[in-house]
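Presented as structure tokens, the chain that follows is alone, the form predicted alone.
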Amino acid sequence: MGELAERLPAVLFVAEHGRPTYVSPAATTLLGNPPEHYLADPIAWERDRVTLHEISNTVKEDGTRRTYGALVAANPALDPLTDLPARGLLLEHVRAAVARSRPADTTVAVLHAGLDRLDLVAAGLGRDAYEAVIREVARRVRDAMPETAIVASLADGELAGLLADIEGDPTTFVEAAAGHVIVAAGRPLEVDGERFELTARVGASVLAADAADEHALLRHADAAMRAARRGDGNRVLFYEGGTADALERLLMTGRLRRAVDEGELLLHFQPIFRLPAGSVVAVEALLRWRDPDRGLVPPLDFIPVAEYTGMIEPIGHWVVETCCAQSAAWRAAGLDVPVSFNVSPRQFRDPAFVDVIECEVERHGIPASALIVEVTESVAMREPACVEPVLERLRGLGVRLAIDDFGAGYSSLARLRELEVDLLKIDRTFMAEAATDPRAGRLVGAALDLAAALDMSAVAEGVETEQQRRFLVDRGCALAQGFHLARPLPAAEATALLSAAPGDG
């Protein structure tokens, strides 16, 4: 015990069976709580690690399991990896800035920056490279911020900046500082001869505008950064009163779970037609939720919540199962029409996703080609490491593939050429003025030519007028869907339409 105490340069306690048997005299002073508190509440221990570096180990000595714990406080105010202030010291600076701002009629803002794709650095280059990247980005951000700013390290890949004594409207000043952070973090990095780039998302909170004290400033900047991470690209997001949103998300998660368990979800089906004949070549399954309390809930009101909370995975499994069951029912009735459905980014990260499709296809006795999986353009282009293996497995099963919302995101022609997909669905925003605005019409024409050059079938989405339909026919577009052709229909009504519509044979 004494030898271990000499090796570890701070407070030491030894525990047997969850109870401390030795506590150094300085333990309670440094910890703020007796060791029993940390043994009983690991979360509290984890929370305090931002200021005290924890070392612990459980060993078996003479038949007894002992937990040795040490909290090393060589400089508890600084993050050991970056040498920047840690959370505790940052809080003190924010507290002082808030107190100073009130009589001076100035304001205070906190930025919270998170780095994306650090996990890929660790997985591809190792822990040493991971730490080297964090140190380098932290140095760049510190250099890019105003000299009066305090830059702190909160956790691996997360930095905070305190902007104090701001006079007048803080918006422009805060946006400029956040922009400097994004630019600094996004400059190319090179480790072990490998060159790559990271992206940063920044959340901002401003005193009085959305936070009343130092604790709310830190909490709201963190919340805004998390919200920015759910969007695409480098983003700066100001906190916008997330308490109500968080409560709604919390409540909706429970309602969504009930919706899956109690059969409140349903699919509507929108036909995809061949032009000009009007034969049906496929149907797109669109998710709906019939909430007993709120009626039919629009997808945009619950799909983002499902994606954020992880409920999209059980919902996605339900969609696959229901599409397969409906396809089997139609095939039994002599209606051989493929069913397409959209897949979210989170589903592509689910290792069981392709297995679920394979299992349901076999269970319902349908060919895999009866399904068309749609992936949005932004996901296909920006997450190739995640998407490509899944697409390859789906192709191996015989599932057909489509790029959805083409033109609404950021396309790489090289990536598009590499993707072996069957359908290219042109985003509905292009169709709104295609028939009346020559420039918009040329864009649609270019998308049609691109699809043809890549041996993909183009589908025009959002056809809402006869004029748009005629425009597509004149431009040689073979496939289209939209309210003018047919609205999304419940399964029974879709069956009647399919039975009456000319087939594609």
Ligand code: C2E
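All of these numbers come straight from a predicted model, not from anything done at the bench. Counting begins at 1, following the sequence as shown.
The form predicted together with the named molecule exists for this protein as well; it is not shown, and the discussion that follows is about that form.
Peer 1: With heavy atoms only and a cut-off of 4.5 Å, decide whether L300 touches the named molecule in the predicted bound form.
Peer 2: Yes, L300 is a contact residue.
Peer 1: Give a yes/no on whether C386 approaches the named molecule to within 4.5 Å in the predicted bound form, heavy atoms considered.
Peer 2: Residue-level check for C386: no, no contact with the named molecule.
Peer 1: My question is simply whether V236 lines the interface with the named molecule in the predicted bound form - judged by any non-hydrogen atom within 4.5 Å.
Peer 2: V236: no contact with the named molecule in the predicted bound form.
Peer 1: Wondering, does L275 line up within 4.5 Å of the named molecule in the predicted bound form on heavy atoms?
Peer 2: Answer no; every heavy atom of L275 is more than 4.5 Å from the named molecule in the predicted bound form.
Peer 1: Please name which of the stretches 181-189, 204-212, 343-351, 392-400 has residues with heavy atoms lying within 4.5 Å of the named molecule in the predicted bound form.
Peer 2: Going through the listed ranges, the match is 343-351.
Peer 1: What is the one choice in D222, E158, E360, D405 with a heavy atom within 4.5 Å of the named molecule in the predicted bound form?
Peer 2: If I apply the 4.5 Å criterion carefully, the residue I get is D405.
Peer 1: Please identify the residue among R288, H364, R229, R258 with any heavy atom within 4.5 Å of the named molecule in the predicted bound form.
Peer 2: Of the candidates R288, H364, R229, R258, R288 is the one lying within 4.5 Å of the named molecule in the predicted bound form.
Peer 1: Within 4.5 Å of the named molecule in the predicted bound form, which residues of 166-197 have a heavy atom? Give them in sequence order, or say none.
Peer 2: None of them.
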